[in-house]
Every structure is written in structure tokens, then in C-alpha cells.
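Encoded as C-alpha cells, the following chain is the form predicted alone, with no partner shown.
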């Protein structure tokens, strides 16, 4: 467990890169076990690679996505509603993993 400092999280990629990688990897593995792996890989590589996590205080995080996440998807055919459902689940997993990695759970 990393010692979490909200001020250090402002420069998260310099101060917490290994923890962020671990949180995203754990979320990916959990999603890959539950959903269509081709779609999960596409979301991970084409949408979430441009996402950014933020600390909201009180042990809560949120993940901001790049513009037009569905439009970024290529090479996978999926209805937008299904895409949105799986993307939302993936973001929930990342936020949960961030809480776990930084010792809030």
C-alpha cells in the first residue's frame, strides 16, 4: 500500500505512476474475466489510455475520459449502448482499484 498524499496526486504521473499502472491493470484483468475480451482490450487501448484519474477527497476518485469515447473505438463492432455499459463498469473498476491501491478500502 502506498502512502497517499493528495497534494502529490496533483503530479500523479511523477509521484504515483506504479500505483496508477497497478490500479488500471487490476481493473483490466477483472473486466477481461467478466466481459468480451476483444471489447475490453479495445476500450483499454483506444479509450482508457487517454483517460485521467483525479482525486476528489475523502478517498474518492473519478476518471475523466477523452472526448467521444465511442467514436474512438475501431476494429470492434458493438452497439453504443453495450459499449457505454461496459465502459461504465470498467471505470467503476478503475475507481475501486484506485481506492484499494491507495489504501482507502
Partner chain sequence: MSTETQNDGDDLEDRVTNFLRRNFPQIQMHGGSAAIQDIDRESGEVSIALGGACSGCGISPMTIQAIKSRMVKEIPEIEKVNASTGMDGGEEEMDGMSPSFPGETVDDDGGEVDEGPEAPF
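As the structure is a computational prediction, the values presented were derived from the model and not from experiment. Positions refer to the first chain, counted from 1.
The same protein has a further form, the form predicted together with the partner chain, not shown here; the description that follows concerns it.
**Student:** Find the only residue in 56, 80, 50, 33 having a heavy atom within 4.5 Å of the partner chain in the model of the complex.
**Tutor:** Going through each option in turn, the one that passes is 50.
**Student:** Taking any heavy atom pair closer than or equal to 4.5 Å as contact, tell me whether residue 85 reaches the partner chain in the model of the complex.
**Tutor:** No, residue 85 sits far enough from the partner chain in the model of the complex that none of its heavy atoms falls within 4.5 Å.
**Student:** Is there a non-hydrogen atom of residue 61 within 4.5 angstroms of a non-hydrogen atom of the partner chain in the model of the complex?
**Tutor:** So residue 61 does not count as contacting the partner chain.
**Student:** Might residue 11 be said to contact the partner chain in the model of the complex, defining contact as any heavy atom within 4.5 Å?
**Tutor:** The answer is yes: residue 11 has a heavy atom within 4.5 Å of the partner chain.
**Student:** Residue 89 versus the partner chain, in the model of the complex: is there a non-hydrogen atom within 4.5 Å?
**Tutor:** No, residue 89 stays farther than 4.5 Å from the partner chain in the model of the complex.
**Student:** Give, in sequence order, every residue of 19-51 that has a heavy atom within 4.5 Å of the partner chain in the model of the complex, or say none if there are no such residues.
**Tutor:** In sequence order, 20, 21, 24, 25, 28, 38, 41, 42, 44, 45, 46, 48, 49, 50, 51 come within 4.5 Å of the partner.
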